[in-house]
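Here's a solo chain for you in structure tokens, the form predicted on its own.
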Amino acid sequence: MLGETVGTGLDQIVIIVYFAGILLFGSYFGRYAKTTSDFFFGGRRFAWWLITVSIVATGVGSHSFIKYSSKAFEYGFSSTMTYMNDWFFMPFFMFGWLPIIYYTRVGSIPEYFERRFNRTARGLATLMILLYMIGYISIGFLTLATALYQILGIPLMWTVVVIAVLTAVYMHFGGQTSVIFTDLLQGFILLFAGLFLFFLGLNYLGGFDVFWDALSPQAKLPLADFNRPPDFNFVGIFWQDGFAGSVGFLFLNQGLIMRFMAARSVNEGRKAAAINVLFVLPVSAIVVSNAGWIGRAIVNVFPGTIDPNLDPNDIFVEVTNLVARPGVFGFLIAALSAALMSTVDTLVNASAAVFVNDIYRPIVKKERSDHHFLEVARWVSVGVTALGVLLVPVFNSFETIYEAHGWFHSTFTPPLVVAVFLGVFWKRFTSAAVIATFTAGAGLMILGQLFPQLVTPFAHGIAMQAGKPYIYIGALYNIFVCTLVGVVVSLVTGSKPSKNIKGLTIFDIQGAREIFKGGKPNDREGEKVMVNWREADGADDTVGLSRTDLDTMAAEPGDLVYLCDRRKWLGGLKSLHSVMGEPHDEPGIVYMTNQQVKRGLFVKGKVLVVEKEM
């Protein structure tokens, strides 16, 4: 650690003002969370650009700034390897996993496991996913507290408690809508702040040419060496971060899945995923790594300014404190806070969804109102946050946050990664096999930790270190043993008939679309229409459009319809999903009930855009 308080009183004020602003901003959107659908999925109403920014804010967690800056300080540009691996699995996500979970309307990943396999599989998946997310929350708290406690001048654990209380407050009231709109603000802040820090660093050094010349040829390589050193090499990073980490993040991070399920359609979710991987991730890689590059260049250009043997975990705060003026330093640290809170709020919301949908609702209280479940979800958010705080000392016992994060990923994700991948892309994968993957596979993984010689055949020549053997390549061993168990058990046990897994594999997306609509989709191409809305009596949950408008949309009664305020900058905040009812003869008018108007948050006199779904 740096060993002394850094920053000024002005920096502390900037950080405190930032936290207060986020608290008010997130809590404001609590007014839009009226049902569990709003709380967990934001009403499935948002446009792709809102989802994209929210994904950025979620993906670029505070651990990213600390983790990748530390590796950038030690190894240079190859620190960006993990970010450049995500494109590899994106097609599997966009055209496989995303349409399945969206169209089948599953409330959580464990629910998919029950539909695809059985109730036991759901129970095991629930336990593992909750452990995964709560552990992730704890690492997030630890990361930010490691940076902030030196600035605020209070002990690390008290810093953790303060951050946790602030996160819990706006999550308690706001839910998914708060998360998305807070992420919109924080996503822009952290991207700007990261690039601004790079600019300040270059200015401190004397320009880009000085920076570039100060780095060694080895530090300019985009990829790490194949199998050395043991704690940072290409093949280990690929299997741990590129495979287990990326697939786990895309396919199993309930928080990220819920973000995509908050999109107004599958196509909007695909747009968000594509823009993120093609354009935003490369920028994010620079944002989270540049403090380490600048730090190494400063060591070489201005000897004695930064200790070349500085703990890599401290390089982000050290460089930021060095190149930024008072106040600006506080703003940049506030951006680090933005990264943490946008990651943690997502995971807290997701943990509440899993608890309510997979434990509380089906087992404990089946016949209670939606309002009751909403209140439970809010209090579970508080409880999950508290659990995350309690686990902080466990992860603080690791030598570095990077090691804690790596161990966590390679240990908790492989059984889930193998189970969901085989479940989606292999119809022959059986219920007995998924349970064996979770239990026997996990048992073999524990053996690999106790007897690292079992991992040696998978090590690609990486040397085994005493005390912490195979901290990266262990992920490959874990994936192999879980896959082996799953495949072998599948081949000797019976699988479900195809009619019992309708819409649950990549081979039956059409079946998933029929589940979503409740009938055969109408794929005739039509156009959007502009309408004014009027209230109608009755409890029917359909909307009434004119015959003329239905012809323009190539729609018919029973089709799914999406109505949205015409103001695009709202990103779908005021919108509604419904079903076409019987038509009338008043073109340009849509009739809705009072309840539909309230759910859609529509404003009197504002024009709506209506389009047929699917």
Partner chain sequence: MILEFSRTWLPYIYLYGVGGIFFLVGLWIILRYRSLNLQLKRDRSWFRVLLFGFVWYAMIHAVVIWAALRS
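Residue numbers count along the first chain shown, from 1. Being a predicted model, the structure only gives us computed values, none of them experimental. Think of the rigid core as the biggest set of C-alphas that the two forms share within 1.5 Å after superposition.
What comes next is about the form predicted together with its partner chain, which does not appear here.
Scanning G461, G383, P222, G519 against its partner chain in the predicted bound form with a 4.5 Å heavy atom cut-off leaves one residue, P222. Contact annotation: of the candidates L281, A164, L504, L191, the single residue with a non-hydrogen atom within 4.5 angstroms of its partner chain in the predicted bound form is L281. The candidate stretches are 328-336, 289-297, 124-132, 231-239, and the one lying within 4.5 Å of its partner chain in the predicted bound form by heavy atoms is 231-239. Of the heavy atoms in Q510, some are within 4.5 Å of its partner chain in the predicted bound form. Of the heavy atoms in P217, some are within 4.5 Å of its partner chain in the predicted bound form. The closest heavy atom approach of D537 to its partner chain in the predicted bound form falls outside 4.5 Å. Contact between F425 and its partner chain in the predicted bound form is found at the 4.5 Å heavy atom cutoff. Taking its partner chain as it sits in the predicted bound form, the stretch 255-282 comes within 4.5 angstroms of it through a non-hydrogen atom at N267, R270, K271, A274, V277, L278, F279, L281, P282. Once you line up the core between the shown form and the other one, the Cα of M553 ends up 2 Å or more from where it was.
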